[in-house]
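First, one chain by itself in structure tokens, the form predicted on its own.
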Amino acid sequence: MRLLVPVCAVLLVSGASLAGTAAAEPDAVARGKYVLRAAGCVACHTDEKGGGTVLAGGRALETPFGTFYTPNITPDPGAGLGGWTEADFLQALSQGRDPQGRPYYPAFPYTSYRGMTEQDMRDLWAYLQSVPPADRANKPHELGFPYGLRFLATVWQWLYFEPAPFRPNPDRSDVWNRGAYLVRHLGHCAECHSPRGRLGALDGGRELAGNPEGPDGKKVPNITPHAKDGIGGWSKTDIAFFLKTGFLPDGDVAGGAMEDVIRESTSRLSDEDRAAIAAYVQSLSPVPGP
């Protein structure tokens, strides 16, 4: 059983708010909007079924340990990221800790975001300052005992988490390295597509090999190039087309959480970035499913 289920960009805080900041540079805001999409923030931080405002939080994330409710990350002074500084935001993404230094539950995929470049983090912060504030209070998580005990997150980080930036592989092409960055960090694909141990840590030896207990208890497929269990029969064009349209090579369409990912994230990436993701995924060693 997994300790907690990272799903998307889930800043699991309860009721932070955002102090006024100077206007960001237009270029930084534009870049940050792209980072927001690549990181999957919209689908996770928007209660679409409940008619919620974009990025105002409230989406329920059901796990074996209880239900998490994603927080409001608009610049609302009471319900959103009020009182945060840019340094606080960078600390959350790279170290998995809130402005008071308390560790987040690993349902927020800081374990992947730790590899984001500082520029991407700063640009994302700039964009979040530009969105309209939404006065929607955060809902407390509903976690079973003992998972609601916050100190357990400290233990989990001590056991499984180490901040580490992304380091390009000098023996690989720029396209491959861009794909690795998008898949392993910004897009945090492993958080859903990899199996986990009993305490929720990703199984590093089976990265992207599928997860029998994904978001909301749904099975998540193997996306390594394994001929039988994975996507070994897919071409790079197949992968890129799927990320853009949601259509599989056999004509079926994506469903569940992946439908949200495609609609709000991968379909909005550049053709070059989708091609980079395809190149990286196809280069991986085939791994059989769980």
Partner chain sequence: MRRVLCALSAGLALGLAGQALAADSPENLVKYRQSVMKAIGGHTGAIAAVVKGEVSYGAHVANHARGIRDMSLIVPDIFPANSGPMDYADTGALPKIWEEPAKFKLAVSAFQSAAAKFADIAEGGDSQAIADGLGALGKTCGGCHKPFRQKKE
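Here the structure is a predicted model, which is why all the values come from computation and not from measurement. Residue numbers count along the first chain shown, from 1.
We do not show the form predicted in complex with its partner chain, though everything after this point is about it.
From the list 213-221, 136-144, 82-90, 156-164, the contact stretch for its partner chain in the model of the complex under a 4.5 Å heavy atom rule is 213-221. Proximity to its partner chain in the model of the complex holds for all of 237, 241 and 247, with the criterion being a heavy atom within 4.5 Å.
Looking at residue 254, you'd find a heavy atom of it within 4.5 angstroms of its partner chain in the model of the complex. By the criterion of a heavy atom within 4.5 Å, residue 48 is counted among the residues contacting its partner chain in the model of the complex.
Taking non-hydrogen atoms only, residue 259 approaches its partner chain to within 4.5 angstroms in the model of the complex.
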